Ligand code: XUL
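Shown next as C-alpha coordinates: one chain only, the form predicted on its own.
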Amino acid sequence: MACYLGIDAGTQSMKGVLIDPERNFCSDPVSVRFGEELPQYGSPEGFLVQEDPLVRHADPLMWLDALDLLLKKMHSSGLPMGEVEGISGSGQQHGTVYWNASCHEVLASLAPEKTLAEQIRPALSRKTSPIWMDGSTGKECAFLRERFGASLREITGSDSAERFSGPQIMKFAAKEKACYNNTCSISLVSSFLASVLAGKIMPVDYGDGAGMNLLDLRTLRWNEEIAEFTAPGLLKKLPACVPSRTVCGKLSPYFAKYGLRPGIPLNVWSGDNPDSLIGCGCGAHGSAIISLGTSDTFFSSIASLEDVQGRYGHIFGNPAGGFMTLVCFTNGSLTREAIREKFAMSREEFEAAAAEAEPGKITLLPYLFPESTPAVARPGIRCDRNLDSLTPPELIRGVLEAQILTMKYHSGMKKKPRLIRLTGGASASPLLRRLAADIFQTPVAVGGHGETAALGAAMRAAESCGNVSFELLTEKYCSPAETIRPDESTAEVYERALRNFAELIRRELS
(Lines give C-alpha, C1' and ligand atoms only; values in the text may rest on other atoms or scores of the structure.)
Protein backbone atom coordinates (compact mmCIF):
# COMPACT_ATOMS: atom_id res chain seq x y z
CA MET A 1 0.00 0.00 0.00
CA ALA A 2 1.16 3.57 -0.68
CA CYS A 3 1.16 6.12 2.12
CA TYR A 4 2.06 9.81 1.86
CA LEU A 5 3.56 11.94 4.60
CA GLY A 6 2.72 15.59 5.19
CA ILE A 7 4.68 17.74 7.68
CA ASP A 8 3.71 21.20 8.89
CA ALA A 9 6.36 23.38 10.56
CA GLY A 10 4.27 26.06 12.25
CA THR A 11 5.10 28.87 14.63
CA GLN A 12 4.68 26.93 17.88
CA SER A 13 4.78 23.30 16.81
CA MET A 14 5.59 20.77 14.11
CA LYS A 15 2.98 18.23 13.06
CA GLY A 16 2.86 15.17 10.84
CA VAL A 17 -0.01 13.37 9.11
CA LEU A 18 0.07 10.13 7.13
CA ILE A 19 -2.56 9.31 4.50
CA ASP A 20 -3.29 6.24 2.36
CA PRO A 21 -5.84 7.24 -0.31
CA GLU A 22 -6.46 3.66 -1.44
CA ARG A 23 -7.53 2.61 2.05
CA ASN A 24 -9.18 5.95 2.89
CA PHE A 25 -6.77 6.18 5.83
CA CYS A 26 -5.70 9.38 7.56
CA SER A 27 -3.68 9.18 10.75
CA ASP A 28 -4.27 11.26 13.81
CA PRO A 29 -1.80 14.14 13.77
CA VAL A 30 1.45 13.64 15.67
CA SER A 31 2.94 16.85 17.06
CA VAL A 32 5.97 18.37 18.76
CA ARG A 33 5.34 21.50 20.84
CA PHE A 34 8.46 23.66 20.73
CA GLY A 35 7.99 25.40 24.08
CA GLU A 36 7.10 22.27 26.03
CA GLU A 37 9.25 19.60 24.38
CA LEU A 38 12.29 21.65 23.36
CA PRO A 39 12.65 24.04 26.32
CA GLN A 40 16.42 24.37 25.78
CA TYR A 41 15.70 26.88 22.99
CA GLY A 42 13.98 29.36 25.30
CA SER A 43 11.09 29.82 22.89
CA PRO A 44 7.84 29.17 24.79
CA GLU A 45 5.79 30.78 22.00
CA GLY A 46 7.98 29.52 19.15
CA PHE A 47 10.34 32.49 18.96
CA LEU A 48 13.25 33.90 20.94
CA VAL A 49 12.50 36.60 23.49
CA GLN A 50 14.19 39.88 22.46
CA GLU A 51 14.55 43.29 24.08
CA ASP A 52 12.94 44.86 21.02
CA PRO A 53 9.35 43.56 20.84
CA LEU A 54 9.30 44.17 17.08
CA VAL A 55 12.08 41.62 16.53
CA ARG A 56 10.81 38.07 16.17
CA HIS A 57 13.45 35.45 15.37
CA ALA A 58 13.61 31.70 15.91
CA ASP A 59 16.56 29.32 16.16
CA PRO A 60 16.49 27.09 13.03
CA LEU A 61 18.20 24.33 15.02
CA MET A 62 14.97 24.07 17.03
CA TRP A 63 13.12 23.10 13.85
CA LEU A 64 15.74 20.43 13.15
CA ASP A 65 15.42 18.92 16.61
CA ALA A 66 11.65 19.04 16.16
CA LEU A 67 11.92 17.17 12.85
CA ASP A 68 14.04 14.44 14.44
CA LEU A 69 11.62 14.15 17.36
CA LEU A 70 8.50 14.19 15.16
CA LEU A 71 9.70 11.38 12.90
CA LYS A 72 10.85 9.39 15.94
CA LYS A 73 7.38 9.76 17.48
CA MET A 74 5.63 8.75 14.28
CA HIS A 75 7.85 5.69 13.87
CA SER A 76 7.50 4.54 17.48
CA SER A 77 3.71 5.02 17.38
CA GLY A 78 3.42 2.16 14.91
CA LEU A 79 2.49 4.19 11.84
CA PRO A 80 3.47 2.39 8.59
CA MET A 81 6.47 4.60 7.81
CA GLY A 82 7.92 1.86 5.60
CA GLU A 83 4.94 2.24 3.23
CA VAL A 84 5.53 5.96 2.61
CA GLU A 85 5.89 6.63 -1.13
CA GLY A 86 6.12 10.41 -1.10
CA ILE A 87 6.70 13.33 1.27
CA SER A 88 5.81 17.00 1.16
CA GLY A 89 5.54 19.73 3.73
CA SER A 90 4.39 23.12 4.85
CA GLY A 91 6.33 25.88 6.57
CA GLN A 92 5.30 29.09 8.27
CA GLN A 93 5.51 31.63 5.47
CA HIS A 94 8.08 34.42 5.05
CA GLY A 95 10.76 33.17 7.50
CA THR A 96 14.31 32.85 6.12
CA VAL A 97 17.29 30.59 6.84
CA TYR A 98 20.84 31.38 5.70
CA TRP A 99 23.42 28.81 4.48
CA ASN A 100 27.19 29.17 4.09
CA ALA A 101 29.30 27.48 1.40
CA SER A 102 29.73 24.27 3.40
CA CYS A 103 26.02 23.47 3.15
CA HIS A 104 26.29 21.25 0.08
CA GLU A 105 28.87 18.93 1.65
CA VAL A 106 27.14 18.88 5.03
CA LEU A 107 23.70 18.09 3.60
CA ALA A 108 25.08 15.33 1.38
CA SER A 109 26.83 13.51 4.22
CA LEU A 110 24.37 13.42 7.14
CA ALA A 111 25.33 10.68 9.61
CA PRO A 112 22.40 8.81 11.26
CA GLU A 113 24.23 8.41 14.59
CA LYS A 114 24.22 12.19 15.07
CA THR A 115 21.34 14.66 15.30
CA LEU A 116 20.39 16.99 12.47
CA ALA A 117 21.02 20.07 14.61
CA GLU A 118 24.59 19.21 15.57
CA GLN A 119 25.52 18.40 11.97
CA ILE A 120 23.85 21.36 10.24
CA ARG A 121 24.87 24.04 12.76
CA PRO A 122 28.26 24.67 11.04
CA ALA A 123 26.53 25.08 7.66
CA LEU A 124 24.52 28.15 8.70
CA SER A 125 25.83 31.66 8.12
CA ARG A 126 23.29 33.24 10.48
CA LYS A 127 22.38 31.84 13.89
CA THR A 128 18.75 32.95 13.94
CA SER A 129 15.89 33.20 11.44
CA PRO A 130 13.47 36.14 11.22
CA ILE A 131 9.92 34.76 11.05
CA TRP A 132 6.54 36.04 9.86
CA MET A 133 5.91 37.85 13.17
CA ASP A 134 8.93 40.12 12.73
CA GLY A 135 7.87 43.78 12.56
CA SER A 136 11.30 45.42 12.64
CA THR A 137 11.71 46.15 8.91
CA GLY A 138 9.57 49.26 8.57
CA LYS A 139 12.48 51.27 7.17
CA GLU A 140 13.26 48.62 4.57
CA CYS A 141 9.61 48.46 3.52
CA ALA A 142 9.63 52.24 3.07
CA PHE A 143 12.73 51.96 0.84
CA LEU A 144 10.97 49.41 -1.37
CA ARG A 145 7.77 51.44 -1.46
CA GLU A 146 9.64 54.62 -2.36
CA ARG A 147 11.59 52.89 -5.14
CA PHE A 148 8.83 50.81 -6.74
CA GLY A 149 5.56 52.39 -5.59
CA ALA A 150 2.37 50.67 -6.72
CA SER A 151 4.28 48.52 -9.21
CA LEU A 152 5.57 46.38 -6.33
CA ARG A 153 2.03 45.09 -5.73
CA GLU A 154 1.46 44.68 -9.47
CA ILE A 155 4.66 42.65 -9.85
CA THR A 156 4.83 40.59 -6.64
CA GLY A 157 1.16 40.46 -5.58
CA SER A 158 1.79 42.36 -2.34
CA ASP A 159 2.80 45.76 -1.07
CA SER A 160 6.07 45.73 0.87
CA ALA A 161 5.28 44.00 4.14
CA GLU A 162 7.41 43.97 7.30
CA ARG A 163 7.03 40.24 7.82
CA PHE A 164 7.96 39.39 4.20
CA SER A 165 11.30 37.83 3.29
CA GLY A 166 12.57 40.58 0.98
CA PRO A 167 12.63 43.33 3.63
CA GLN A 168 14.11 40.84 6.13
CA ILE A 169 16.94 40.04 3.72
CA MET A 170 17.50 43.75 2.98
CA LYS A 171 17.92 44.51 6.68
CA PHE A 172 20.32 41.56 7.18
CA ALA A 173 22.46 42.55 4.17
CA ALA A 174 22.76 46.15 5.43
CA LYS A 175 23.28 45.46 9.15
CA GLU A 176 25.40 42.30 8.95
CA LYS A 177 27.36 42.65 5.72
CA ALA A 178 30.03 40.10 6.55
CA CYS A 179 27.47 37.42 7.40
CA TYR A 180 25.46 38.26 4.29
CA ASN A 181 28.57 38.00 2.11
CA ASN A 182 29.30 34.65 3.75
CA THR A 183 25.84 33.42 2.73
CA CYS A 184 25.75 31.25 -0.38
CA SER A 185 22.06 30.32 -0.33
CA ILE A 186 18.88 31.57 1.35
CA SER A 187 16.00 29.20 2.12
CA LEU A 188 12.51 29.77 3.37
CA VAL A 189 11.41 27.71 6.39
CA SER A 190 9.70 25.33 3.97
CA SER A 191 12.62 24.87 1.59
CA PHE A 192 15.09 24.68 4.51
CA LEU A 193 13.41 21.57 5.92
CA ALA A 194 12.90 20.12 2.43
CA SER A 195 16.65 20.57 1.83
CA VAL A 196 17.45 18.65 5.01
CA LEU A 197 15.22 15.76 3.91
CA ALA A 198 16.73 15.71 0.44
CA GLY A 199 20.38 16.15 1.44
CA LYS A 200 20.71 19.07 -0.99
CA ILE A 201 19.46 22.64 -1.41
CA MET A 202 15.86 22.41 -2.56
CA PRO A 203 13.92 24.97 -4.62
CA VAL A 204 11.06 27.19 -3.48
CA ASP A 205 7.53 26.72 -4.81
CA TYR A 206 5.36 29.48 -6.29
CA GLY A 207 3.05 29.43 -3.27
CA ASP A 208 5.71 30.23 -0.68
CA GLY A 209 7.96 32.19 -3.04
CA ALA A 210 5.21 34.73 -3.62
CA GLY A 211 5.44 35.71 0.06
CA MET A 212 8.87 37.29 -0.40
CA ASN A 213 8.20 40.55 -2.35
CA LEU A 214 10.67 39.14 -4.89
CA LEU A 215 8.74 36.84 -7.24
CA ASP A 216 7.28 38.31 -10.43
CA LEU A 217 3.85 36.69 -10.64
CA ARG A 218 3.57 37.52 -14.34
CA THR A 219 6.68 35.52 -15.28
CA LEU A 220 6.96 33.28 -12.16
CA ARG A 221 10.65 34.15 -11.95
CA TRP A 222 12.60 36.21 -9.43
CA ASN A 223 12.45 39.86 -10.44
CA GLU A 224 16.04 40.92 -11.11
CA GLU A 225 15.50 44.64 -10.48
CA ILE A 226 13.74 44.13 -7.14
CA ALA A 227 16.24 41.48 -6.03
CA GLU A 228 19.27 43.65 -6.77
CA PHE A 229 17.69 46.64 -5.01
CA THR A 230 16.92 44.42 -2.01
CA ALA A 231 20.50 43.19 -1.58
CA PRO A 232 23.59 43.06 -3.82
CA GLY A 233 24.07 39.70 -5.48
CA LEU A 234 20.81 38.35 -4.05
CA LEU A 235 19.78 36.54 -7.23
CA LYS A 236 22.77 34.21 -6.92
CA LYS A 237 21.74 33.32 -3.36
CA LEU A 238 18.10 32.47 -4.16
CA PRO A 239 17.23 28.88 -5.11
CA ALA A 240 15.08 28.20 -8.16
CA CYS A 241 11.34 28.83 -7.92
CA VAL A 242 9.26 25.96 -9.34
CA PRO A 243 5.64 24.78 -9.69
CA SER A 244 4.15 23.35 -6.50
CA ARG A 245 3.73 19.84 -7.90
CA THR A 246 7.44 19.51 -8.76
CA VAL A 247 9.16 16.35 -7.49
CA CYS A 248 12.73 17.55 -7.09
CA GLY A 249 14.52 15.34 -4.59
CA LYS A 250 14.86 11.94 -2.96
CA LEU A 251 14.93 11.16 0.74
CA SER A 252 18.37 11.17 2.35
CA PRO A 253 19.64 7.86 3.85
CA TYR A 254 19.81 9.64 7.23
CA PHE A 255 16.05 9.14 7.72
CA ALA A 256 16.10 5.34 7.41
CA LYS A 257 16.38 5.24 11.22
CA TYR A 258 12.76 6.37 11.36
CA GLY A 259 11.54 3.50 9.20
CA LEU A 260 11.47 5.58 6.01
CA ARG A 261 12.93 4.13 2.83
CA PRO A 262 15.86 6.14 1.39
CA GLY A 263 15.16 7.46 -2.09
CA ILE A 264 11.45 8.19 -1.52
CA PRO A 265 10.44 11.01 -3.90
CA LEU A 266 10.13 14.45 -2.33
CA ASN A 267 7.67 17.06 -3.52
CA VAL A 268 8.77 20.69 -3.14
CA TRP A 269 7.38 22.14 0.10
CA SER A 270 5.06 25.14 0.24
CA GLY A 271 3.87 27.72 2.77
CA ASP A 272 1.26 27.08 5.43
CA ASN A 273 -1.37 29.23 3.72
CA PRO A 274 -1.19 27.49 0.30
CA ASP A 275 -1.10 24.08 2.00
CA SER A 276 -4.12 25.00 4.15
CA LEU A 277 -5.99 25.96 0.99
CA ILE A 278 -5.49 22.38 -0.24
CA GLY A 279 -6.18 20.79 3.17
CA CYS A 280 -9.49 22.64 3.45
CA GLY A 281 -10.55 21.30 0.05
CA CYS A 282 -10.52 24.72 -1.61
CA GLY A 283 -7.83 24.31 -4.26
CA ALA A 284 -10.41 24.35 -7.07
CA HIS A 285 -10.90 27.78 -8.64
CA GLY A 286 -13.80 29.73 -7.20
CA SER A 287 -13.52 28.23 -3.72
CA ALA A 288 -12.86 30.34 -0.64
CA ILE A 289 -12.03 29.99 3.04
CA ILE A 290 -13.07 32.24 5.90
CA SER A 291 -10.95 31.64 8.99
CA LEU A 292 -12.51 33.15 12.13
CA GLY A 293 -9.68 33.38 14.62
CA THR A 294 -7.92 36.06 16.66
CA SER A 295 -7.78 37.83 13.32
CA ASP A 296 -10.21 36.96 10.55
CA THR A 297 -8.74 35.83 7.21
CA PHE A 298 -10.28 35.41 3.77
CA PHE A 299 -8.59 33.06 1.28
CA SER A 300 -9.78 32.43 -2.26
CA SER A 301 -8.65 30.34 -5.22
CA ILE A 302 -8.44 32.09 -8.59
CA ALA A 303 -7.44 30.90 -12.07
CA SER A 304 -5.47 33.97 -13.15
CA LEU A 305 -4.33 37.38 -11.97
CA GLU A 306 -7.16 38.94 -13.98
CA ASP A 307 -9.69 37.31 -11.65
CA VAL A 308 -8.81 39.54 -8.71
CA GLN A 309 -9.12 43.24 -8.00
CA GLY A 310 -8.68 45.49 -4.98
CA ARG A 311 -6.01 47.34 -3.07
CA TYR A 312 -5.47 45.02 -0.13
CA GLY A 313 -4.23 41.57 0.71
CA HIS A 314 -1.75 39.28 -0.99
CA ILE A 315 -1.57 36.94 -3.96
CA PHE A 316 0.30 33.63 -3.67
CA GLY A 317 0.62 30.63 -5.94
CA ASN A 318 -2.07 27.96 -5.54
CA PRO A 319 -0.55 24.45 -5.32
CA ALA A 320 -3.46 23.15 -7.39
CA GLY A 321 -2.69 25.64 -10.18
CA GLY A 322 -3.35 29.32 -10.69
CA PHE A 323 -3.25 31.65 -7.70
CA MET A 324 -4.79 32.31 -4.31
CA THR A 325 -5.61 35.55 -2.54
CA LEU A 326 -5.30 36.21 1.18
CA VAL A 327 -6.71 39.18 3.08
CA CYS A 328 -6.32 39.51 6.85
CA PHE A 329 -8.56 41.57 9.16
CA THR A 330 -7.29 42.46 12.63
CA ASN A 331 -10.74 42.94 14.16
CA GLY A 332 -11.73 39.30 14.43
CA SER A 333 -12.44 37.35 17.60
CA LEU A 334 -10.75 40.01 19.74
CA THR A 335 -13.50 42.41 18.72
CA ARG A 336 -16.29 39.85 19.10
CA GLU A 337 -15.10 38.96 22.60
CA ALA A 338 -14.69 42.61 23.62
CA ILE A 339 -18.29 43.38 22.64
CA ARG A 340 -19.55 40.26 24.42
CA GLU A 341 -17.68 41.24 27.59
CA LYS A 342 -18.98 44.81 27.33
CA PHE A 343 -22.50 43.46 27.83
CA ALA A 344 -21.38 40.71 30.28
CA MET A 345 -23.08 38.04 28.19
CA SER A 346 -22.41 34.35 27.82
CA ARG A 347 -21.77 33.15 24.27
CA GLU A 348 -25.29 31.75 24.14
CA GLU A 349 -26.76 35.07 25.29
CA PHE A 350 -24.56 36.93 22.78
CA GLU A 351 -25.88 34.82 19.89
CA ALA A 352 -29.48 35.07 21.06
CA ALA A 353 -29.26 38.86 21.37
CA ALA A 354 -27.88 39.26 17.85
CA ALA A 355 -30.63 37.04 16.46
CA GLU A 356 -33.25 39.44 17.90
CA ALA A 357 -32.08 42.39 15.79
CA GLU A 358 -33.32 43.21 12.30
CA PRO A 359 -30.95 41.97 9.54
CA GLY A 360 -29.03 44.63 7.63
CA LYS A 361 -30.41 47.54 9.64
CA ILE A 362 -27.19 48.93 11.20
CA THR A 363 -24.21 50.04 9.11
CA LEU A 364 -20.91 50.36 10.94
CA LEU A 365 -17.17 49.84 10.66
CA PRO A 366 -16.09 47.39 13.40
CA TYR A 367 -12.66 48.87 14.19
CA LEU A 368 -12.52 48.38 17.95
CA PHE A 369 -8.75 47.86 17.50
CA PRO A 370 -6.33 49.35 14.93
CA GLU A 371 -7.17 47.62 11.64
CA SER A 372 -4.88 46.25 8.92
CA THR A 373 -7.46 46.05 6.11
CA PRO A 374 -7.91 48.87 5.41
CA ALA A 375 -5.11 50.46 7.44
CA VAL A 376 -6.81 52.30 10.31
CA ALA A 377 -4.43 53.40 13.07
CA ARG A 378 -7.09 55.13 15.18
CA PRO A 379 -9.50 52.52 16.57
CA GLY A 380 -13.16 53.16 17.18
CA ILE A 381 -16.49 51.98 15.80
CA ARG A 382 -17.79 54.27 13.04
CA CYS A 383 -21.55 54.11 12.51
CA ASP A 384 -24.17 55.70 10.27
CA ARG A 385 -26.08 56.80 13.37
CA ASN A 386 -25.47 57.66 17.02
CA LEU A 387 -23.94 54.61 18.68
CA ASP A 388 -25.63 55.47 21.98
CA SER A 389 -29.01 55.06 20.31
CA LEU A 390 -28.38 51.40 19.47
CA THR A 391 -29.77 48.60 21.59
CA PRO A 392 -27.32 45.84 22.60
CA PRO A 393 -28.83 43.40 20.03
CA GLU A 394 -28.50 46.02 17.27
CA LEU A 395 -24.87 46.76 18.11
CA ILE A 396 -23.93 43.08 18.39
CA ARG A 397 -25.60 42.14 15.11
CA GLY A 398 -24.19 45.25 13.43
CA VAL A 399 -20.64 44.27 14.39
CA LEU A 400 -21.04 40.65 13.27
CA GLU A 401 -22.61 41.63 9.95
CA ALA A 402 -19.91 44.25 9.38
CA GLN A 403 -17.16 41.66 9.89
CA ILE A 404 -18.58 39.50 7.10
CA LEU A 405 -19.40 42.50 4.89
CA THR A 406 -15.83 43.78 5.13
CA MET A 407 -14.57 40.39 3.90
CA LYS A 408 -16.92 40.51 0.93
CA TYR A 409 -16.05 44.12 0.17
CA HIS A 410 -12.27 43.60 0.35
CA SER A 411 -12.10 40.00 -0.94
CA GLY A 412 -10.94 41.12 -4.37
CA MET A 413 -12.94 38.37 -6.10
CA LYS A 414 -14.66 39.54 -9.28
CA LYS A 415 -17.16 36.67 -9.02
CA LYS A 416 -18.78 35.35 -5.87
CA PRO A 417 -17.25 32.08 -4.61
CA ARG A 418 -19.10 28.88 -5.43
CA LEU A 419 -18.29 27.47 -1.97
CA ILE A 420 -16.92 28.88 1.30
CA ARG A 421 -15.24 26.72 3.94
CA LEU A 422 -15.55 28.19 7.44
CA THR A 423 -12.74 27.40 9.90
CA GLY A 424 -11.31 28.79 13.15
CA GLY A 425 -12.68 28.89 16.67
CA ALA A 426 -15.62 31.19 15.94
CA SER A 427 -16.81 28.97 13.08
CA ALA A 428 -18.72 27.08 15.80
CA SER A 429 -21.14 30.04 15.95
CA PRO A 430 -24.44 29.15 14.19
CA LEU A 431 -25.14 32.85 13.61
CA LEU A 432 -21.77 33.55 11.94
CA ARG A 433 -22.29 30.50 9.73
CA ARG A 434 -25.69 31.85 8.72
CA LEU A 435 -24.37 35.39 8.13
CA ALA A 436 -21.51 34.13 5.93
CA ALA A 437 -23.93 32.12 3.78
CA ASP A 438 -26.50 34.91 3.48
CA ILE A 439 -24.15 37.86 2.97
CA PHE A 440 -22.09 36.05 0.31
CA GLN A 441 -25.19 34.17 -0.99
CA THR A 442 -22.95 31.11 -1.20
CA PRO A 443 -23.10 27.67 0.48
CA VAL A 444 -20.92 27.54 3.61
CA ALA A 445 -19.29 24.25 4.64
CA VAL A 446 -18.03 23.58 8.16
CA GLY A 447 -16.11 20.73 9.73
CA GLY A 448 -13.21 18.69 8.45
CA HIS A 449 -9.65 17.83 9.43
CA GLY A 450 -8.20 19.94 12.23
CA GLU A 451 -4.65 20.16 10.84
CA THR A 452 -5.28 21.54 7.37
CA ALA A 453 -1.67 22.53 6.58
CA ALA A 454 -0.25 19.07 7.39
CA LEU A 455 -3.14 17.36 5.59
CA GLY A 456 -2.68 19.67 2.59
CA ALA A 457 1.00 18.74 2.47
CA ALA A 458 0.15 15.02 2.54
CA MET A 459 -2.41 15.54 -0.23
CA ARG A 460 0.18 17.38 -2.30
CA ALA A 461 2.62 14.48 -1.82
CA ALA A 462 -0.05 12.04 -3.01
CA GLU A 463 -0.87 14.20 -6.03
CA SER A 464 2.71 14.86 -7.14
CA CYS A 465 4.40 11.58 -6.13
CA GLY A 466 1.46 9.19 -6.53
CA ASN A 467 -0.57 10.83 -9.32
CA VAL A 468 -3.72 10.87 -7.18
CA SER A 469 -5.94 13.74 -8.34
CA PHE A 470 -6.76 16.63 -6.02
CA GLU A 471 -10.42 16.09 -6.90
CA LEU A 472 -10.32 12.55 -5.51
CA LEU A 473 -8.22 13.55 -2.49
CA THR A 474 -10.60 16.41 -1.68
CA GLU A 475 -13.55 14.03 -1.84
CA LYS A 476 -11.81 11.56 0.50
CA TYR A 477 -10.36 13.92 3.10
CA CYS A 478 -12.21 17.25 2.98
CA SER A 479 -15.89 16.36 3.14
CA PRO A 480 -17.69 18.86 5.41
CA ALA A 481 -19.68 17.82 8.43
CA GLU A 482 -22.40 20.35 7.57
CA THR A 483 -23.29 22.71 4.73
CA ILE A 484 -25.39 25.83 5.28
CA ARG A 485 -27.34 27.00 2.23
CA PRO A 486 -27.98 30.73 1.77
CA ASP A 487 -31.43 32.12 2.40
CA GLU A 488 -32.24 33.71 -0.97
CA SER A 489 -34.86 35.96 0.63
CA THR A 490 -32.04 37.88 2.36
CA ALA A 491 -30.10 38.59 -0.86
CA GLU A 492 -31.63 42.04 -1.44
CA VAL A 493 -31.24 42.99 2.24
CA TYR A 494 -27.54 42.27 2.23
CA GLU A 495 -26.89 43.78 -1.20
CA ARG A 496 -28.30 47.02 0.21
CA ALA A 497 -26.24 46.54 3.38
CA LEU A 498 -23.08 46.13 1.26
CA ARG A 499 -23.80 49.35 -0.63
CA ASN A 500 -24.34 51.20 2.66
CA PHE A 501 -21.14 49.66 4.05
CA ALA A 502 -19.14 50.77 0.99
CA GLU A 503 -20.52 54.31 1.28
CA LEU A 504 -19.61 54.48 4.98
CA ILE A 505 -16.05 53.37 4.20
CA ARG A 506 -15.69 56.02 1.50
CA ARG A 507 -17.08 58.72 3.77
CA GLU A 508 -15.26 57.84 6.99
CA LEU A 509 -11.88 56.79 5.59
CA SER A 510 -11.50 59.22 2.70
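In case it trips you up, residue 1 is the first one in the sequence shown, and so on. What you are looking at is a predicted structure, and each value in this text was computed from that prediction instead of being measured.
Just so it is clear, the following notes concern the form predicted in complex with D-xylulose, a form of the same protein that is not shown.
Novice: Mark residue 94 yes when one of its heavy atoms lies within 4.5 Å of a heavy atom of D-xylulose in the model of the complex, and no otherwise.
Specialist: Answer yes; at least one heavy atom of residue 94 falls within 4.5 Å of D-xylulose in the model of the complex.
Novice: Is residue 163 part of the interface with D-xylulose in the model of the complex - any heavy atom within 4.5 Å?
Specialist: Output for residue 163 is yes: heavy atoms within 4.5 Å of D-xylulose.
Novice: At the 4.5 Å heavy atom threshold, is residue 316 in contact with D-xylulose in the model of the complex?
Specialist: Looking in the model of the complex, residue contacts with D-xylulose include residue 316, since a heavy atom lies within 4.5 Å.
Novice: Taking 4.5 angstroms as the cut-off for heavy atoms, does residue 326 touch D-xylulose in the model of the complex?
Specialist: Result yes; residue 326 sits at the interface with D-xylulose in the model of the complex.
Novice: Within 4.5 Å of D-xylulose in the model of the complex, counting heavy atoms only, one of 270 to 278, 436 to 444, 329 to 337, 419 to 427 shows up; tell me which.
Specialist: It is the stretch 270 to 278.
Novice: Find the only residue in 350, 132, 298, 99 having a heavy atom within 4.5 Å of D-xylulose in the model of the complex.
Specialist: For this set of options, the contacting one is 132.
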